[in-house]
Structure formats: C-alpha cells, structure tokens
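Taking the form predicted alone, here's one chain by itself in structure tokens.
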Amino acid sequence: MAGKKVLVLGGGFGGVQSAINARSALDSAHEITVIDKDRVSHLCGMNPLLIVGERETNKTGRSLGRLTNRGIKFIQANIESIDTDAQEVITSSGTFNYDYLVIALGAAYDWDAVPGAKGAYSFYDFNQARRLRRRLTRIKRGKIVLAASKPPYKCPPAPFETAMILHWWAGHKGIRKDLEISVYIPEPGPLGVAGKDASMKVRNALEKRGIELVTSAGVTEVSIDGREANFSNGSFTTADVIATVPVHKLPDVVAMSGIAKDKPWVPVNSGTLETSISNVFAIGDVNVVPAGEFSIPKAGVFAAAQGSKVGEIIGKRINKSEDPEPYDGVGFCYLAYSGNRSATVGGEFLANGGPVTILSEPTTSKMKSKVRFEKNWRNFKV
C-alpha cells in the first residue's frame, strides 16, 4: 500500500494530539506533518497564574520541533491558502499535498472588533499576559476590570478564575483592601454552558471575595489611554487596569477556503469531527459541535480529545480497520480559585438529553492535579 500523507494545520492541543495518535497507529510508510507559524506553543491556561508571578514565563511553552523525536515532521511556516479540491495547502515554506487534512488552527483574535482594546491589557495571549504581569507588579491600589465582549471565547471559566486569582494575590500582597476587582461579561450569567448550579456557585464565589460581577454587559469600546470602558448595557467605568477578552473569530485562511460554508465556525459531524469534505477534519476552537442549547466549549482539553479521536479515525481508515466509537464530548477544565486551590468544571456535553456537567469544590489536590496536567502538556502527554 502506498504511503498516505496526513497534514495537520496548527500545533496546539488538538493538532498535536491528532498527529501523535495517528503516528502511533501507522507505520513509517505514512507521513505525518504538523505546520504552525510558531515553533513554540504556549499553554494559555497558565496565563491567569502567570500574570501574578505564580508561573514562570519560560515554563509555559513547548517546542513543536520536538515532535520529530516521535516521527512527526514539523514545519514552521505561515499558512497562506487551503485548497480542498486540489488537496493542497500553500504556505510560506512551499506547497504541501495531503490525503487527510486536520484543521486545528484555533480561534483568531480580532483586536480591532472593540475599538481601543489594543491600548488595554489582556491575559488571552502569551505576550499580552507578560505585559499585564509587568503592570501588576507596579499596582498598589485602584481598580482592575476584566471585560469580555461577546461569546464564544476560549476557556469560559478564565475571566472568573483570573478575578479570583487576583483577589488571592492582592491579599498576599496586602493590597486587597485598596483594590477593586470587577468582571464584565456579555452573558446573562457566568459559565452558563456548565449549567445553572455551576453558574450559581461561581456567582457566590465571586460575591464572597468582594468581586463585582456585571452581566449582560459586553465591552464595546476602550478609551485610547486604556483607562475607560463602555459596555453594551449603556454603562461605563474607569479603571487603572482594563484587561479585555478579545473577540474570537475564524482564522481568515479557513474562512477563505470555503470549508466553513460562510458560517462563523466550521460545522463538523459531531461523532467524527469531519467537515462536509471527506477526510478533512476540523477540531478544537475552529469548529462548532452543538451540545444542547450551547456548543462544546472552546477549551484545550476538548481540542485534545477531539484530536485524539481524529488521529484514531485517520489511523483506522488508512489501515482499513473498523470505525472507532464516536467522539463523546467528555471533558473537564480546571478553574483555579487561588494559587493553591483549584476546582474542575465539565462533564459529558453530548449526553442524551443534553449536557451533564458539574463544578467541583476547589481543593489543594486538584491544584496538584492541575500542575501535573501542565507538566504533561509540556512533555506532549496531553
């Protein structure tokens, strides 16, 4: 049998896991290549602790070049176009043909969607998080605002996790009584995707810590100096630090390919993560998988699970084996309440009758589990 070419676009959670699983299922006659514009991928789930100095900047990334040790080619290049008719991808390093294509390019950030947001801060990007970290070392009093514009956005618990970590950090610095912390979200309640019980638990946790939560108030504009924000409910606020959650959108190269069929995100088969085009898969933040009244959250653990499933499917198709069990939509995220306690939130999002989810109580053991997860991610075990 002639060797097949498996091409993976994107070296995040899902892309890497699909490549690793496919590689483990296939012999060396088949070629697996990962293409990403960056050689080092960063775990953005570490950013809330990174901004308060609880994670080191040189320990939040992993080099995709190390994939070569696993028999996977890595190409650092910008992806310029995807042609599914010709089964080729054009990049800044040349043209690559494929038999199986995995699109794992994640969500792009539209920093221009909220005027003035570029002058504010953010914790959704590694470099932005480092900038916010430097700013926080200088703050002694005032107000910090965390503001999302509109859903969906990666890691839905992140704004609330970050607010609680800031509360914990400020308490340790002895400045909490001089610091206001507010969270503005566009949704009617926090963490709606995890259900009413989890949403109420988060509300109560924020209130207990004296963190202001303003709902149905997406940020619409930030002043040029980054010190004033306007919101969709007609209100505005001033603050010493405004950190926004950027508007997420489909990467331009994916939108131009036509794979999404003019939808905001790429529609896929919920069981196989396959697009409308045979042997072309879209996983992680780039896709949409309906789950009850919501959809599968845009979070790394779900991207990794989808990548594992797609790698398995590709391996079985090439080996002409039986199809595997369908993707189950199971996943749990960590939600840190401080630097030493974490909860988990998640469940079975594709369960019959709708998602079955739970938010656990925060414990030190779950923080230890979170630390192990981060270490495993850096070592390509997640």
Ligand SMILES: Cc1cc2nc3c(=O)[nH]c(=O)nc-3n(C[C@H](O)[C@H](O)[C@H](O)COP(=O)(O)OP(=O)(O)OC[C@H]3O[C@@H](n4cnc5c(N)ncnc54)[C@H](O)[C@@H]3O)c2cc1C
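Values in this document were obtained by computation on a predicted structure and should not be read as measured data. Start at 1 and count along the sequence shown; that's the residue number.
There is another form of the same protein, the form predicted together with the ligand; it is not shown, and what comes next is about it.
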*Among 76 to 84, 271 to 279, 205 to 213, 166 to 174, which stretch has residues with heavy atoms no more than 4.5 Å from the ligand in the predicted bound form?*
76 to 84
*asked:* Considering non-hydrogen atoms and a 4.5 Å limit, does the ligand approach residue 349 in the predicted bound form?
replied: no
_Would you classify residue 105 as touching the ligand in the predicted bound form, given a 4.5 Å non-hydrogen atom cut-off?_
yes
*With the cut-off set at 4.5 Å between non-hydrogen atoms, does residue 60 touch the ligand in the predicted bound form?*
no
*Find out whether any non-hydrogen atom of residue 147 is located within 4.5 angstroms of the ligand in the predicted bound form, and reply yes or no.*
no
*Check each of 158, 191, 222, 296 and return the one that places a heavy atom within 4.5 angstroms of the ligand in the predicted bound form.*
158
*Tell me, which of 313, 50, 32, 333 has a heavy atom within 4.5 angstroms of the ligand in the predicted bound form?*
333
